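Listed next as structure tokens is one chain, alone, in the form predicted alone.
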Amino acid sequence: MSSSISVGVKEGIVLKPEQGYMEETVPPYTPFMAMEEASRCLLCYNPLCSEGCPAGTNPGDFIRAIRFKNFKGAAEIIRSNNILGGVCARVCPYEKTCEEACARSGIDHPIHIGRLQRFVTDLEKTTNFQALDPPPATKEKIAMIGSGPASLSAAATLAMKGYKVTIFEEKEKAGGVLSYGIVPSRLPQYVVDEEIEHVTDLGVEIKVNVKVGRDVTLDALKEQGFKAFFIGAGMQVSAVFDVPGSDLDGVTTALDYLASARSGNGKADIGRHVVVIGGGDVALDCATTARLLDAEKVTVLYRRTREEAPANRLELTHCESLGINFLYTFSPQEFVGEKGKLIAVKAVGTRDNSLLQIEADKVIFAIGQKPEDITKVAAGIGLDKRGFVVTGDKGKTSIPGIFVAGDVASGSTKTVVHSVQGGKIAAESIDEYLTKGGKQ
């Protein structure tokens, strides 16, 4: 399908005028383009961009390396600080972190830090450069529950310290939200697979189709010699509104919709007239998925204004350029069915009493997720009233030897880059715990 060219005016980024579901929206930099962009850097003595990176990837240093043609050095800086540098280069909310802090913003627009990071991590793969050299795994065995970004980050950090790390993943593919919850036009699966390979190259073992609490218990893992446990299970349950008609055929959730499309390489029940409920990045991923897979009409229903929508601005502009409709300040009132199948959505204005009805054969709830019952994994672990794991200092939980980070942790910020940060912090806490002989 084709669309008009999408331009992020503030960001200075031109997106592809035509793309498919499996193609990345933002084109890559050539070496010349990367050098040219890096030359815009003001080489700040105390780079605020580095302070603004939650994962501590240190863009101030790797941009300097790119500027002086030290691409190998740039890769070492990125990977030593963020094992998922290639993923974060594509899905981080840069406009709210490092790029927002960029001193260049006061002159024209910030350095395109994400695209420079992507250039380096892509070049790293094509040149077969190995940035990290792990020590022999001679220390204790550690189990990771879930294989999302928090677990991958924690696993890499611990492997670099000499621990024997095993990740247990209940699904057939590792990566968690990276493999099942983001549209390929933002994050292709080959990138996820390559990033996971960086982790396994450090000696980390990943066991798929194994659900801790169902297929194996923590007690059984302790008997196998595991001395500490990290829970990075993410949020597996989609939140929904209590809307009449929610049980109709055609009403689904973002997690199920995105996973179905992604695992089937776009061959899934997409729907002809699709309505997405929500205003965040996940809602946009659902809308983009539907549109790129040739749904006739896609409408995003959001209860607040465009300015209040938490979604990435560039992604929002891109969705609009694809012909996706946005109805702001509206919330679903009823799902209308015929013979058990969805045929329309009735919506009501959140700022007035406006009413409208939209033809639809597919409705997708994209209003957030919540965790599964973690007590099925770790009986007696402290949870808050919403079911998130209560965490203390550096990922510690109420049970000694069990640590947590990522979306399942109480107070999580629910972004990939913050999960990477949380995994690194928890890994340091695990190292401290084991160094002290299992004392918290």
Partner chain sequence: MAKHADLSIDFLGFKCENPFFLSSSPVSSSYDMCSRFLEAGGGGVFYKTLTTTIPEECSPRFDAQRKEATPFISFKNMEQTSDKPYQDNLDMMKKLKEDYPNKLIIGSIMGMDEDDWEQMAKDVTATGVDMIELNFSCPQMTYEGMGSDVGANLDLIDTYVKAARRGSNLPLIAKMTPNIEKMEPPAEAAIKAGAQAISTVNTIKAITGLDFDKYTSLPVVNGKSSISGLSGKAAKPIALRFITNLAQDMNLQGIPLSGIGGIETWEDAAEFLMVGASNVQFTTSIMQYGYRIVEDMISGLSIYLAEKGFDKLEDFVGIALKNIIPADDLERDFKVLPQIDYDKCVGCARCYVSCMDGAHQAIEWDNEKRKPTIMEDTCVGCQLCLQVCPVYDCITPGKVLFKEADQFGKGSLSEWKEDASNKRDIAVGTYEWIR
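Positions refer to the first chain, counted from 1. As the structure is a computational prediction, the values presented were derived from the model and not from experiment.
Note that the form predicted together with its partner chain isn't included here; everything after this is about it.
Peer 1: Pick from 372 to 380, 32 to 40, 389 to 397, 402 to 410: which stretch has a heavy atom within 4.5 Å of its partner chain in the model of the complex?
Peer 2: Heavy-atom contact with the partner occurs in 32 to 40.
Peer 1: Might residue 188 be said to contact its partner chain in the model of the complex, defining contact as any heavy atom within 4.5 Å?
Peer 2: Because no heavy atom of residue 188 falls inside 4.5 Å of its partner chain in the model of the complex, the answer is no.
Peer 1: Heavy atoms within 4.5 Å of its partner chain in the model of the complex: does residue 133 have any?
Peer 2: Residue-level check for residue 133: yes, a contact with its partner chain.
Peer 1: Can you work out whether residue 48 and its partner chain are in contact in the model of the complex, taking contact to mean some heavy atom pair no more than 4.5 Å apart?
Peer 2: Residue 48: no, not in contact with its partner chain in the model of the complex.
Peer 1: Examine residue 349 and determine whether its closest non-hydrogen atom to its partner chain in the model of the complex is within 4.5 angstroms.
Peer 2: Taking the distances in the model of the complex, the answer for residue 349 is no, it never comes within 4.5 Å of its partner chain.
Peer 1: Quick one: from 196, 123, 342, 258, grab the residue that has a heavy atom within 4.5 Å of its partner chain in the model of the complex.
Peer 2: Flagged contact: 123.
Peer 1: Counting non-hydrogen atoms within 4.5 angstroms of its partner chain in the model of the complex, say which of 224, 127, 305, 354 makes the cut.
Peer 2: Filtering the options by heavy-atom distance leaves 127.
Peer 1: I have 64, 67 and 70 flagged as a candidate spot, so tell me whether each of them has a non-hydrogen atom within 4.5 Å of its partner chain in the model of the complex.
Peer 2: Verified in the model of the complex; spot residues all in contact, yes.
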